[in-house]
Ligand SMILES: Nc1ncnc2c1ncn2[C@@H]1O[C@H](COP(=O)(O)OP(=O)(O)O)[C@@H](O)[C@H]1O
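Listed next as structure tokens is one chain, alone, in the form predicted on its own.
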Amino acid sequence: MSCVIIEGLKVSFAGREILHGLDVKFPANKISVILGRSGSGKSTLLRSINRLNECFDGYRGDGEIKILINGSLVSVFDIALTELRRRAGMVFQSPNPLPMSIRKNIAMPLNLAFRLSNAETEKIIREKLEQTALWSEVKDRLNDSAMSLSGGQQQRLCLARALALQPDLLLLDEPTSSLDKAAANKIEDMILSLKNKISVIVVSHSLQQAEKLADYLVTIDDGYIKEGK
């Protein structure tokens, strides 16, 4: 079963076409990697899935995109944007923690998305920080600013925040590109731990990383799919 089906996807900005009628399917509950050089269109493809390209001036798009939600494939154009971006959570190249405490980085989005008791919220915070191997490092300073964390810790916090919202699909745009090797390895190991639990699509420019992570690999070049396997 596919978690994402894309048909005839074209994307342009200010009249310059970036993606040229792409057709691609990503498998459910597997780790898919989109591999390509800088400027090849891989991030544009990823952002199309939760309609983030629409945030950019001069955007125009065409084609169909369906994602798997509760066992059914649904057009991303038939879902409210807030719900779509919860269901298809995204983590970016550079860590972007909220300028508040470590605890509130997870608690605030949770409280906006769901009606939970304080005890339920605290339980999820711990679960997701444990899942991202961050709990042991921050459990005694949850009220400290998230900005006090290292870059690798901030990225794991962003992953914990996304996972706390119970996404059907996790989109990762070069999540280790700004990290040192040790921090990148922790992120990669965490991604591998999600296999068979959630659908994950990762953008990467590293063949080594793709070989480590990918159950399914798509290569993109100059806005065209060159290979999928």
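If you're wondering where the values come from, they're calculated on a predicted model, not measured in any experiment. Residues carry their position along the shown sequence, with the first being 1.
Below: the form predicted in complex with the named molecule, not depicted.
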*The unique member of 213, 217, 24, 18 whose heavy atoms fall within 4.5 Å of the named molecule in the predicted bound form*: 18
*Classify residue 175 as contacting or not contacting the named molecule in the predicted bound form by the rule of any non-hydrogen atom within 4.5 angstroms, answering yes or no.*
no
*Might residue 39 be said to contact the named molecule in the predicted bound form, defining contact as any heavy atom within 4.5 Å?*
yes
*Is residue 47 a contact residue for the named molecule in the predicted bound form, using a 4.5 Å heavy atom cut-off?*
yes
_Location of the named molecule contact in the predicted bound form, chosen stretch of 39-47, 193-201, 180-188, 24-32 [non-hydrogen atom, 4.5 Å]_ = 39-47
